[in-house]
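Below sits a lone chain in structure tokens, taken as the form predicted on its own.
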């Protein structure tokens, strides 16, 4: 069995570990995590926000060599080490993680948000800008601009167009949360374009790569 086949087998095995029910504990600290790249280096940022006001309370960053190539549907194996390291540097354990990538909306139903949630055992939501798997359904009554996304006849996520954005984002369960609660929290934490914890984490991780580019430019 080849290397990628072994990883696919692991995804297929771990998919049964994903829980799609809400935890009893309240959610206060929401952490958005994003990873950016410059050459063979990755830069991960984890931003913790208070759910009540969406103000950052702590930020953790890390950078290091990229240990896995970019291969569609195997993103977790490229980004998990950086995500785990950044989250572990936060002073408080997150009540909820937001990952820039899919959860259940994945060919194996086990995208990066599921991988992170199961490995870290933290409630996790996947939010992505492009659809990887599934079929868009018509919007049911009461869902507004959100459209269900189905895989093999079951709703596994929602496509939602946030304020200030013309194209949808795709929300799905990562771990230890229901899809309806995940969609609700994404709406509540989005001011413009993307959920605030992820928007700020993306800005920070990108700034780190730009700083690296400027450093290398000076060195020349």
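These numbers were taken from a predicted model, which means no experiment stands behind them. Numbering follows the first chain given and starts at 1.
One more form of this protein should be noted, the form predicted in complex with the DNA, which is absent from this view; the next part is about it.
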Tell me which stretch of 154-162, 177-185, 47-55, 29-37 has a heavy atom within 4.5 angstroms of the DNA in the predicted complex. 29-37
Although the DNA is absent from this view, report whether residue 91 comes within 4.5 Å of it in the predicted complex, heavy atoms only. no
Any non-hydrogen atom of residue 75 within 4.5 angstroms of the DNA in the predicted complex: yes
Check residue 131 for me: does it contact the DNA in the predicted complex (non-hydrogen atoms, 4.5 angstroms)? yes
Contact flag, residue 82 vs the DNA in the predicted complex, heavy atom cut 4.5 Å: no
Pick out the residues of 101-129 whose heavy atoms come within 4.5 Å of the DNA in the predicted complex. 101, 102, 106, 111, 112, 128, 129
